[in-house]
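First comes one chain, alone, set out as structure tokens in the form predicted on its own.
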Amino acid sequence: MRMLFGVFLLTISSLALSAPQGDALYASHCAACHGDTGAGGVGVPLSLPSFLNSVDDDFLRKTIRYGRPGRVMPAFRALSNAQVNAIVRHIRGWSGKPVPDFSGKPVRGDAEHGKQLFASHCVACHGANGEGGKGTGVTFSRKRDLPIIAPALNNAGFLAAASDGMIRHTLQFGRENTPMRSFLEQGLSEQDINDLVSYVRSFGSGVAPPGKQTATVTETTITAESSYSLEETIENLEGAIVSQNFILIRTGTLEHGLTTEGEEDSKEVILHFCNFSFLYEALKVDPRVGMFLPCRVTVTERDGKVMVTTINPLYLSRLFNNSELDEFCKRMHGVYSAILEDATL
């Protein structure tokens, strides 16, 4: 009996150690946008009591799984169900209240009347077609007195994650410390709110359900072999960068600052450059582009062969889940390709 009890304790201990750790998963996948404590940043403030009190765990799970196609929030399809649930438990830990229950029958209302109410009460923040506010949750791209940009209500990810009951609750009671006010306090009736819910739900009739994105671009870098020497290639790159209306910031060894000064590999060189007007435009759309800006091109020489390499913006584009940013990535792909072609041919 004692041996069996010991085996039981060992099994429980092993399960505890192997269970997904929500705090670690949140730190790895969510904190960069939503903040270490859920206070918000690029992403919405998840620890805001009025947010946690108005969304159920199913909404959180589906939001993590589906993301918001065309917006900043990516879809985390590679996470297991256990990992997603662990993240949800971690987020829910910021609330001292029970999980809201929005299960129930779909809301029945008059969508046509809801459309009229939407035009009067919602368009100013959520857009004429429910497309949401422009920009992200950071102060760089929104008014500083707003904790969050109005979400896109016609988004496939939102419509798949939000139940009728959750949408109705948000309309009824609003969200404290955000621009979303209670519609009951604004004088709308329960039926008016049902009509609004029905209209918001009607956005789904013209929106494709969130599906798995397929990567059409597999090349992570743009690479070209130069027909010139290392020194000539670097000189050509500097000229090509300026010709594309970019400012050359610095040319130096790739190992600069990573090894003892004077011991860097002189056959590995990196050029940093930027067009600040373009950078500012891109950051307004999605501040995460700062992770790979300013622009960089590396030049290496191995066995007499000189190679020029830079990141492929089209590959990065699919990681950001932001259709507006896709256009910037296409433009940058054209710029990078032109620079490498001018410098190496």
Ligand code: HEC
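This one's a predicted model, so the numbers in the text were calculated from it and none came from an experiment. Numbers follow the displayed sequence, beginning with 1.
Absent from the display: the form predicted in complex with the named molecule. The rest refers to it.
Within 4.5 Å of the named molecule in the predicted bound form, a heavy atom is found for every one of Cys33, Met166 and Met180. Listed stretches are 252-260, 97-105, 124-132, 225-233; the contact stretch with the named molecule in the predicted bound form is 124-132, by a heavy atom cutoff of 4.5 Å.
The single contact residue among Ala282, Val299, Cys295, Leu46, judged by any heavy atom lying within 4.5 Å of the named molecule in the predicted bound form, is Leu46. Contact with the named molecule in the predicted bound form, judged by any heavy atom within 4.5 Å, is made by just one of Met307, Val289, Ile311, Val42: Val42.
At a distance threshold of 4.5 angstroms between non-hydrogen atoms, Tyr66 is out of contact with the named molecule in the predicted bound form. Shown alone here, Leu271 lies farther than 4.5 Å from the named molecule in the predicted bound form, counting heavy atoms only. Using a 4.5 angstroms threshold between heavy atoms, Pro74 counts as touching the named molecule in the predicted bound form. By the criterion of a heavy atom within 4.5 Å, Asn194 is excluded from the residues contacting the named molecule in the predicted bound form.
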